[in-house]
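Given next, in structure tokens, is a single chain: the form predicted alone.
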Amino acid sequence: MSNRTIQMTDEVYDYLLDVSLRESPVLAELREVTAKHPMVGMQISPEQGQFMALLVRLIGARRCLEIGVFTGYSSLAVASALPHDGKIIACDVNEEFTAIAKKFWDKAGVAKKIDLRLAPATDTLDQLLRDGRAGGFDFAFIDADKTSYEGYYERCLELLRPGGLMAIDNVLWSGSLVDERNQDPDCNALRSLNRRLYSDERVDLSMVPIGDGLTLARKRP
């Protein structure tokens, strides 16, 4: 029994992966390739990818949004959990990073499930709203530029169906949000979002200490 989350030492983390991570060979290879990337810190943890895949299965998701692709680990994990007719609209602006993603989506046989939109995510989300797609998505994952998170949140909330689920990454930002001396724009944007979500009665809420902190927000009917 414990009245707070366990401290995740390296040894405990290795044990967690050893007895629970069911990572496909393609996901493992993509993680290995990304580990050599100079911006590897943008990669989600493998247990977070597995957790999101489980959430997608639990809610029976078929239509998903992803804001921020990087090398495609999260979209590959989610796409692999979708039914054969499932679809992710994946938003990013970096053609170089997403070229790696596309290679591994093809290798895993899920490329047909992923609609990559290389444009500012706000533009893509606004176009979906103009196209009448509000309420048409089951799941959304936000992991992009932090200063735009609140705008992404509002648009994704409108695009989600009642009962749909949003996952927002980096909400603990390596623990730096508790240091008020840190007035970095990313820190301030995340602080503002976290407080906003806490008081937002449109959603059910849970902040989960997985990876760099993951907020789950379920759109209330």
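Keep in mind the model is a prediction, meaning the values are calculated, not measured. Position 1 is the first residue in the sequence shown; the rest follow in order.
A second form of this protein, the form predicted in complex with a small molecule, is not displayed here; the remarks below concern that form.
Q: Would you check, heavy atoms only and a 4.5 Å threshold, whether residue 43 touches the small molecule in the predicted complex?
A: Yes, contact at 4.5 Å.
Q: May I ask you to state whether residue 129 is within 4.5 Å of the small molecule in the predicted complex, using heavy atom distances?
A: Judged by the heavy-atom cut-off of 4.5 Å, residue 129 is well away from the small molecule in the predicted complex.
Q: Should residue 68 be counted as a contact of the small molecule in the predicted complex, where contact means heavy atoms within 4.5 Å?
A: Looking in the predicted complex, residue contacts with the small molecule include residue 68, since a heavy atom lies within 4.5 Å.
Q: Even though the small molecule is not shown here, does residue 134 get within 4.5 Å of it in the predicted complex, heavy atoms only?
A: Heavy-atom contact with the small molecule at 4.5 Å: absent for residue 134.
Q: Going by heavy atoms within 4.5 Å, which of 43-51, 176-184, 191-199, 155-163 lines up against the small molecule in the predicted complex?
A: It is the stretch 43-51.
Q: With the small molecule left out of view, choose which of 140, 88, 82, 91 has a non-hydrogen atom within 4.5 angstroms of it in the predicted complex.
A: Here the answer is residue option 91.
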